[in-house]
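Just the one chain here, laid out as C-alpha cells, in the form predicted on its own.
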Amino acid sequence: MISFRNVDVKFETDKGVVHAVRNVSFTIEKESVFGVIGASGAGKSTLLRTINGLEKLASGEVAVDGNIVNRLSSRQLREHRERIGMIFQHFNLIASRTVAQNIAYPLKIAEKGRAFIETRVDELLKLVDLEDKKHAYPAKLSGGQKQRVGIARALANHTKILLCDEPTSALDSETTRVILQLLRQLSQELGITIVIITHELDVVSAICDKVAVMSEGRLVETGSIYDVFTSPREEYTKKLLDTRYDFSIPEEILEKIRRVNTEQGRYWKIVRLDYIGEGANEPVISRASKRFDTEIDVIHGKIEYIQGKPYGRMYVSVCGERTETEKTLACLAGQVRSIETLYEAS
C-alpha cells in the first residue's frame, strides 16, 4: 500500500518558491492500478516521484508498505528503489545498447551475477513478447516495442511497484491499447501495483481501478474510475471530464432546428442526457416518443463501458406543442441520471 499524508513539495527557483504539491492525502491499494489525472502543471509528476524518493518533501509523509520513504537512510532508500520500476513517455532507452543490454542495465547496477542477468533478461523478453528483438538496437524498434523494452527494464529487479509517467503519450491509439492491455495483464499476473499519471482520460478509464484528480498541486477528488467519471463531485473534475466528451452542435444543425420549428410554430429544446448503469441500455427515447406527441431527434450520442459498466451521453432535440414538450422532458428526466438544457426556443 502507498499512502500520502499531508504531502507538500516546494522548489526554489530564480522567480521564488514554487509550491508543486499542496497538502495531498490519499491511499493507493496494493496490487491495484491507480491513475492520477490533471492538466499540465497540476503536480502529477512531482507527486509520482515522491514514491521512490526522487523528490524531497517540504512536509508530510509518503509511506510504502508501512515504511516512510522520506525517513529512509541512504542504504534503505537504495533498497527501496530497487523494488520500484519506472517507465517514461519517451522511453529513455540507451541508444548504443541492444534491447537485452537495456533490460540488463538495472541488474548490473544492482550487481547481479552474469548467469542471473542472462536468465532474467530472457524471462523478461518472453514476458513482453520481444524475444526476436533481443539483439536489436532501439533505433530499429517501433514506439510500442520501445515502450515494451522500457516495461521489461522497469520490471527487471522483480519490481513490486511500477510508476508510469505519461506512458502512452508518444504512441498511436492502437499501440496505446496494446500497451495498456500488457500493463493490466502484468498487474494481474505479477501482483504489482501500478501508478499511472497522464492527461489522457481514455487511458485511465481503460486500465485503472481508482483515480485521483489534481489541480495546481492540490487533490481535487479521488474515487473509483466509474464514480469519478460518471458522477464527479467537484466542478473542476466536471470541466476536465467535459473535454473528454466534448461535442459542439454544428451551427448549421442548430439553425435548421430553429428555422423549421419557428416556421411550424412549435416549441423546442436541445438537451444533453447522461445515463449510468443499466439505464444506459434502456430505450428511454423510444418510449418517450411513443408516449407523447413530440418529435425527438438524436443529434449525437455515445455509450461506453467503464469498469464493465455502461455510461452514456446523448444530445437530442425535442419539438412540439409546449405542454407536450415539457411533459416529454420531464419523462426523460425521470429515467436518466441528469438532463441539461443547452438551447431552447426564445
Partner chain sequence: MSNRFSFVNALRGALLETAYMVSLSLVISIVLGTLLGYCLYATSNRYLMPNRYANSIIGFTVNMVRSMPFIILLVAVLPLSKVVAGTMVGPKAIILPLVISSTAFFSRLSESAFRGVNKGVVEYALSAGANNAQIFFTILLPEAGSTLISAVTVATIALLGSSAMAGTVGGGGVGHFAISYGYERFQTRILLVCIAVLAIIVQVIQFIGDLAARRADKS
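Numbering follows the first chain given and starts at 1. Just so it is clear, the structure is predicted and the values come from calculations on it, not from any experiment.
A second form of this protein, the form predicted together with its partner chain, is not displayed here; the remarks below concern that form.
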*Using heavy atoms only and a 4.5 Å cut-off, decide whether all three of Asp14, Arg81 and Arg97 touch its partner chain in the model of the complex.*
yes
*asked:* Looking at 202-210, 242-250, 265-273, 136-144, which stretch has residues with any non-hydrogen atom within 4.5 Å of its partner chain in the model of the complex?
replied: 136-144
*Within 4.5 Å of its partner chain in the model of the complex, heavy atoms considered, which of Ile109, Ala170, Val260, Val178?*
Ile109
_Give me the residue from Leu54, Ile303, Ile68, Ala39 that has a heavy atom within 4.5 Å of its partner chain in the model of the complex._
Leu54
*Any non-hydrogen atom of Arg49 within 4.5 angstroms of its partner chain in the model of the complex*: yes
_Partner proximity in the model of the complex: Gln89 to its partner chain, non-hydrogen atom cutoff 4.5 Å_ = no
*Taking heavy atoms only, is Arg153 within 4.5 angstroms of its partner chain in the model of the complex?*
yes
*Might Leu93 be said to contact its partner chain in the model of the complex, defining contact as any heavy atom within 4.5 Å?*
yes
